[in-house]
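First, one chain by itself: the form predicted alone, in structure tokens.
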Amino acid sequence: MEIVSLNPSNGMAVGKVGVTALDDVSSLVDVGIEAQARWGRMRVDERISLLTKGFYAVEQSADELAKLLSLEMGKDIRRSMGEVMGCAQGGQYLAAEVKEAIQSEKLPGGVTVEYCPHGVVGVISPWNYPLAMANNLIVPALVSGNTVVFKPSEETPLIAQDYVKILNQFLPEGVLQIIYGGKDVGVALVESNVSMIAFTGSMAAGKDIMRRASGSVKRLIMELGGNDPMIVLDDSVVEAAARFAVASSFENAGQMCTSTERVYVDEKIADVFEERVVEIARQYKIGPWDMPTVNIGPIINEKQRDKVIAHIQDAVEKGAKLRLGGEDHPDHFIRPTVITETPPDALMESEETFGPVVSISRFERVEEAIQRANGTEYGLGAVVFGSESRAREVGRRLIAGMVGINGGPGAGHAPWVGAKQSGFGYHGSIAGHRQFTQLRVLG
């Protein structure tokens, strides 16, 4: 069997990979277990040195990798190049941060706290940032002394294949292995003898992983999507808030886990805010990855595109006003869309839309906005615009792992973390890196 990777801009084949046989998954994990015995005994500086050589080689191949990423996933070449270079250059800084995190600590009384590798980590990553999301999980796993069996999304296997091939020019055999396939291959990985699963993907898939991993109490790090709210208070800088709302909703064609999906604006400034959002959104252009000035690329596949259209139609049928966009979306794309007066019972209020849609509702009292913002099972990110003190006060009442004040959530060396059903465990930061290790108290 094969996976044919399609260019989402036109449906044409980009390339193909063979599907990993289910019986081979456990065998590959066994190879990883054997390799980990040697890899885990290496000094951390030796592991980082090998990875750094790999990152340099990735950087040398950046042009080819960025083009392949754009062809396979659809984002424009500027964003693809940024993702490739972020992995190549940022990976080195990430490795150094992991080294700091896993240093042994001496406590009073002669007790030492050590951070030891788990064994083999199964990494399952999504298609929307096929290198960045994988890199953010693979690097801390490897630097910590684990080996990795990596299953990329079946939507973007080619860029993952080339990335692993480059790194494996420098890594010992069995340290980083890749498998290909859909849900059945992912299930085989979860149910294998891996010690840990690091996953980024849908909430439904995450719940299934938890059930399957519970039998052997595998360690889990999971980011499970979001339906991020944005609250715009009446003392906001309207221009800044409007520009953020559009940029966050449209980035990566809206296919971003921390994309703003629900905007709640104080009715005192709603008219001005909505008009400015429409004006800004009109400036965005859809098109394939190599078209100049393109802001919004294709939706990854027809199933996801149909879902976005269904959410738009559902909101309009329930009373929302379509201010920009329409039903004449070209094949493979969704036009930049602005909806106002989105009702509380609309699907996009409770579900992740994952498309280039700005959905706006008005509120009279901030309590109403907070209630609606917190009214879903998601809790990844949230944003509040307003004066610093008021925005922070409201932000502390939002149930989300990351809350941005007058800007996007999550930044710098902070953890990437979700609340409620948007996550289990977290990665990034000193504390996040340590989740790729088994704590051992010695003394």
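Counting begins at 1, following the sequence as shown. Because the structure is a prediction, the values reported are computed rather than measured.
The next section is about a form of this same protein that is not shown, the form predicted together with a small molecule.
Shown without its partner, this chain lists Ala160, Ile124, Ala281, Val143 as candidates; in the predicted complex, only Ile124 has a non-hydrogen atom within 4.5 angstroms of the small molecule. Screening Gly91, Pro229, Pro117, Gly225 for any heavy atom within 4.5 Å of the small molecule in the predicted complex leaves a single hit, Gly225. Contact check for Glu154: a heavy atom falls within 4.5 Å of the small molecule in the predicted complex. In the predicted complex, the small molecule sits beyond 4.5 Å of every heavy atom of Trp289. Val187 belongs to the set of residues with a heavy atom inside 4.5 Å of the small molecule in the predicted complex.
In the predicted complex, the small molecule sits within 4.5 Å of a heavy atom belonging to Phe354. Annotation: in the predicted complex, residues Ala241, Thr260 and Ala373 none come within 4.5 Å of the small molecule through any heavy atom. For the small molecule in the predicted complex, the listed stretch (270-278, 324-332, 340-348, 201-209) containing residues with heavy atoms inside 4.5 Å is 201-209.
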